[in-house]
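One chain is shown next in structure tokens, namely the form predicted on its own.
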């Protein structure tokens, strides 16, 4: 009998999800209009165009399409669990997921969080130290299935980092749990404050 590590199994499952979704309905051929119509179900929580107005609920706007479709796939298949998202994703087809991904990725991210002056200095240093920029991209805009975190909701970011540190948050390959393991409370707050404010424009 062959045994696989948890990381290998998770990574293999992720790869399978990406290939499966892409082969059914490539995001490049997805229907943005159909995604916008389907997204009417999402705006109650995630805000108009996926720009959340609830500090505890993530914004979906401006995400890499693959990050959205893979997240929905994982909710549908049980890799991630949430009392609201799981039943919603259960009713989505692969085409629905790719259409939603195409739509939300086409909407500009609106950041309403203004970072504290001290964290404008500390934040970039922490982002480099804990490899945020290595995985999420130099401007934290996301890469392929890895989500955009720039301009994400402050309280949501804090909750996710705490969850990864405590290993109560679903983690595909263990990289986030590993990165968050050495974060203390001050680091989490400073990082979240900095990341949430990326893209903020004062009036």
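Numbering follows the first chain given and starts at 1. This is a predicted model, so every value here is computed, not measured.
Keep in mind that the form predicted together with a small molecule is missing from the display, and what follows is about it.
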* Asked: Is residue 175 one of the residues lying within 4.5 Å of the small molecule in the predicted bound form, judged by heavy atom distances?
  -> yes
* If you check in the predicted bound form, is residue 61 within 4.5 Å of the small molecule, heavy atoms only? -> no
* To do: Find out whether any non-hydrogen atom of residue 171 is located within 4.5 angstroms of the small molecule in the predicted bound form, and reply yes or no.
  => yes
* Does the small molecule get within 4.5 angstroms of any non-hydrogen atom of residue 190 in the predicted bound form? -> no
